[in-house]
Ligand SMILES: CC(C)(COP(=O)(O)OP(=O)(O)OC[C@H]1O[C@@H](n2cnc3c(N)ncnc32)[C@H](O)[C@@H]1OP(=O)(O)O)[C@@H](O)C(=O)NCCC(=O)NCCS
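The chain that follows stands alone, in the form predicted alone, written as structure tokens.
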């Protein structure tokens, strides 16, 4: 039975392995000291860290960040599901839990950035009502941006 729960520091090794494997699967070398540092520390300072697990094995993860007073809204980061567990609704359950948490915190918008190579995730975001924004600058690690209006 898949369970979505709040992540804890001892999950860091499992989520790092999951994310780095998914990145490499898509031809992306992980950057543990840069764009993927939040995975290595498993979202240290994040508003909410979520994991999906089945019988103690972590199958997916997502991080929710409060953007702060200068940039209102919340930000969804690092939605990843283990290759063997894809297609079972885990990604959708993690995004739904993130949306619920963002609403509970009073956010009116949930934004995210992703890469075109993550086609299944993009299809999920669009099916949940995320709207595509102008593409991020070419200096970004991402090439697509989305937002969901929560209010």
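Predicted model, so just to flag it, every value in this text is computed and none were measured. Positions refer to the first chain, counted from 1.
Just so it is clear, the following notes concern the form predicted in complex with the ligand, a form of the same protein that is not shown.
Note to self: So the ligand isn't shown here. In the predicted complex, which residue out of 87, 45, 32, 106 has a non-hydrogen atom within 4.5 Å of it?
What the structure shows: By the 4.5 Å criterion, the partner-contacting residue is 87.
Note to self: For the ligand, considered in the predicted complex: do all three of 26, 79 and 118 come within 4.5 Å of it, counting heavy atoms only?
What the structure shows: Every listed residue reaches the ligand in the predicted complex, so yes.
Note to self: If we define contact as a non-hydrogen atom of the residue within 4.5 angstroms of the partner, is residue 114 a contact of the ligand in the predicted complex?
What the structure shows: Yes.
Checklist line | 4.5 Å heavy atom contact, residue 128 to the ligand in the predicted complex | finding: Looking in the predicted complex, residue contacts with the ligand include residue 128, since a heavy atom lies within 4.5 Å.
Item checked: Proximity of residue 37 to the ligand in the predicted complex, heavy atoms at 4.5 Å -> No, residue 37 is distant from the partner.
Item checked: 4.5 Å heavy atom contact, residue 124 and the ligand in the predicted complex -> Result yes; residue 124 sits at the interface with the ligand in the predicted complex.
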